[in-house]
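Only one chain is given next, in structure tokens, and it is the form predicted alone.
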């Protein structure tokens, strides 16, 4: 489990510190301030590998570099290893090697790590399959250093070099799910349960019959049953459903393969799981965004009932934050926010406060909007408010008179907008005075 990060001369801020919570960590902030970068750093701190180094087909996960190459750059972190011992370490950048220093010898074992990238790819580090092994009481790193899937690899399978030969290390969602459906065993039931749990009521998704895409394609393709169809090939499903299916599959694959590998090695299964999510709400309808966080927790509890789970999720969605309110526990959870002030990026822990609904989240310090309306409606209402308080110097060009403002309000506001009563009453009072 990751406990602490301290960055100097790395990323968008001169210096950044983060003390993580043991269960849920939500990260918010505007585009381009460093949320995805921070998740990549967390993956590296836990696994000591950059995702893009393990799979160049990935569109993200590139190695971090110093902001100022002439100044010292460090990445400090603290984590809880498999043995439940705290491990602290600081790595510095070696410009000549274009690399970060690493701990000599066998590193720590952080447990199972699953990283969901925003583009549909995934990275997985398994303590049974990716950790070092011993030969003659000497630690050697002969196992694969991790599994990094592009979006296509998740569906079609991942090949990696093993002993100098390209080897299929994961068959992919289409093949594996078809096999599970044919076997009709525990894996099929878990996949169906996890996928169904990711879909909010009253919608539902259930496995349908295996289908063929064409007479020349010999693959049996899993299909889904929905409220409107008895069978849609999963490759023809919407982006949101495919996102949910990919997440369900990667959770299934990561855990089932870990269990098999641990059993084969005569080891106990891990009791620690860290899940990283970049843009948790990606491709999801607002109804799904409102339930995705709870769904991820429920899926993890189904597959990993004995494990301690830490989730770090970056999000732009006020619905995700609103959905966290019933479950948020300040003793186990935290929320962090990236700010841009005076040209400098900063990361700060935000005191948790329920906002009640999405509009209140939008106008909170987290998102910083003045109103939960369009830009044009916000401008018209601000002009109307300036007019009502006789602050004519604050009226924008084109909205100098009451008639101009009224025409713009009619154009941009809904008839039932809550601002109308104030505006109408102010007009009636003005007529009475005149």
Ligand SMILES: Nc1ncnc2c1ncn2[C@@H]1O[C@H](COP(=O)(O)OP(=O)(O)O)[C@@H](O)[C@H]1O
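Predicted, not measured: the structure shown is a model, and the values here were computed from it. Numbering follows the first chain given and starts at 1.
A second form of this protein, the form predicted together with the ligand, is not displayed here; the remarks below concern that form.
| Taking heavy atoms and a 4.5 Å cut-off, does residue 51 contact the ligand in the predicted complex? | No, residue 51 stays farther than 4.5 Å from the ligand in the predicted complex.
Report task. Give a yes or no for residue 33: in the predicted complex, does one of its heavy atoms lie within 4.5 Å of a heavy atom belonging to the ligand? Result -> Contact check for residue 33: yes, within 4.5 Å of the ligand in the predicted complex.
Contact of residue 64 with the ligand in the predicted complex (heavy atom, 4.5 Å) = Heavy-atom contact with the ligand at 4.5 Å: present for residue 64.
message = Contact with the ligand in the predicted complex for residue 44, defined as at least one heavy atom pair within 4.5 Å: yes or no?
response = No, residue 44 sits far enough from the ligand in the predicted complex that none of its heavy atoms falls within 4.5 Å.
Worksheet item: Pick from 384 to 392, 362 to 370, 34 to 42, 405 to 413: which stretch has a heavy atom within 4.5 Å of the ligand in the predicted complex?
Response: Among the listed stretches, the partner-contacting one is 34 to 42.
| query | What residues in 1 to 17 sit within 4.5 Å of the ligand in the predicted complex, counting heavy atoms only? | reply | Those in contact are 11, 12.
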